[in-house]
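In structure tokens, the next block holds one chain alone, the form predicted on its own.
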Amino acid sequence: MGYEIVNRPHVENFINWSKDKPKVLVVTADLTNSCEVGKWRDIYPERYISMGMAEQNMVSFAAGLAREGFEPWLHTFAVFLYRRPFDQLHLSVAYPNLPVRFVGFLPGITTPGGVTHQAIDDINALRGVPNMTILETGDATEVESVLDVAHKIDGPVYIRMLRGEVSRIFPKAEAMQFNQARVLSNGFDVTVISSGISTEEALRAIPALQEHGVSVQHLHISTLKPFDDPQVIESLKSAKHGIISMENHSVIGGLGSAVADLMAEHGIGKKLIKIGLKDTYAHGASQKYLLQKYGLGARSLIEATEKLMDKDLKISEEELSQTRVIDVHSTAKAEAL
């Protein structure tokens, strides 16, 4: 698709962003370089705290820092940020509504690490936590601009963060906006609601759908909680044949469920097809392979559209934009996991 590929956009951006914010601290759990803050540690050693492989203690410690006026940014893999310390997250951070930033890397199936490293239910788990805001990055521009969005929120924030080689889909000047979808195309036949890496997959298919006469309204979501953007509500109402959600997460409790809730609340009686993991665990493999195997890719969007419209669009594989192959051994990544 010809997108610019940015190597490790979080590294230098976070260093520069933190320069004039002395209350911003980094707290890690034995995954410093893997979560792209090794250089940050070297530049701001007095603001860096390593807790070792002790995530429950890390979250409780961060709560104490926040109570003393600091803004701790916790960096580790997403699975270790919400599964292991869920009780501490609830009672030490969310209950007193403290400004702790949970920066979760390797969301969904963006890692070959298998079940132990794949956060496939984090949105589901955290949507039910009072006071918690949930953000998700979909490209390099959002990796860079999510910092300002999270920083302005008075309370805890969980971020599904991308690392390594990241596509720049959105212009650098078009920063992430809180609780505001990006309208990527306008149409009336089908509404596509996508988030995270699923947006890049949707963009592989939508030009082919349009070439075959399908009018597509496509919205990219970066704020998963709260989820009440009027643009989204109007796009759901306007879809003639139905709605398709696409996410790098289980179809239970994630973006698709948030869309379903919104449709029910506003009496929108349309068909909804949720593209995501179908109540299953994924195994370790390349991102490209996993997207195909578990039906999270561009072809699934074509098939869902055909189902909604009850029509064989006869779109060949050659008509889809080529998928970008993620090199898990690239120098842009500290390790394959």
Partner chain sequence: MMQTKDVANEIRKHTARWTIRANGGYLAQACGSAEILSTLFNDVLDLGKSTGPFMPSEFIGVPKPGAPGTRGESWLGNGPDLLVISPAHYATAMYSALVATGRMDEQALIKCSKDGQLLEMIGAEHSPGMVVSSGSLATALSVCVGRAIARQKLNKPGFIWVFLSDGELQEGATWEALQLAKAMKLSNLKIVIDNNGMQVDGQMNNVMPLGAIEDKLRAFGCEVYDIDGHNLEEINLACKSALQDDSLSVILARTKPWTGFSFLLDRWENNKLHFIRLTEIEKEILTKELAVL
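Positions refer to the first chain, counted from 1. Note that this is a predicted model, so its numbers are computed, not measured.
Same protein, other form: the form predicted together with its partner chain, not shown, and the subject of what follows.
Would Glu265 count as a contact of its partner chain in the predicted bound form, using a 4.5 angstroms cut-off between non-hydrogen atoms?
Outside the cut-off, so no.
With the partner left out of view, is Asn131 within 4.5 angstroms of its partner chain in the predicted bound form by any non-hydrogen atom?
Yes.
Heavy atom to heavy atom, is Phe188 within 4.5 Å of its partner chain in the predicted bound form?
Contact check for Phe188: no, nothing within 4.5 Å of its partner chain in the predicted bound form.
At the 4.5 Å heavy atom threshold, is Ser238 in contact with its partner chain in the predicted bound form?
Residue-level check for Ser238: no, no contact with its partner chain.
Can you pick the one in Thr116, Asn97, Gln231, Ser215 that has a heavy atom within 4.5 Å of its partner chain in the predicted bound form?
After the contact test, the surviving option is Asn97.
Looking at 267-275, 297-305, 280-288, 60-68, which lies within 4.5 angstroms of its partner chain in the predicted bound form, counting heavy atoms?
Result of the contact check: 60-68.
Looking at its partner chain in the predicted bound form, do all three of Lys23, Gln88 and Asp154 come within 4.5 Å of it through at least one heavy atom?
Answer is yes for this spot.
So which bits of 47-63 sit within 4.5 Å of its partner chain in the predicted bound form, heavy atoms only?
Read in sequence order, the residues that approach its partner chain (within 4.5 Å, in the predicted bound form) are Ile49, Ser50, Met51, Ala54, Glu55, Gln56, Asn57, Ser60, Phe61, Ala63.
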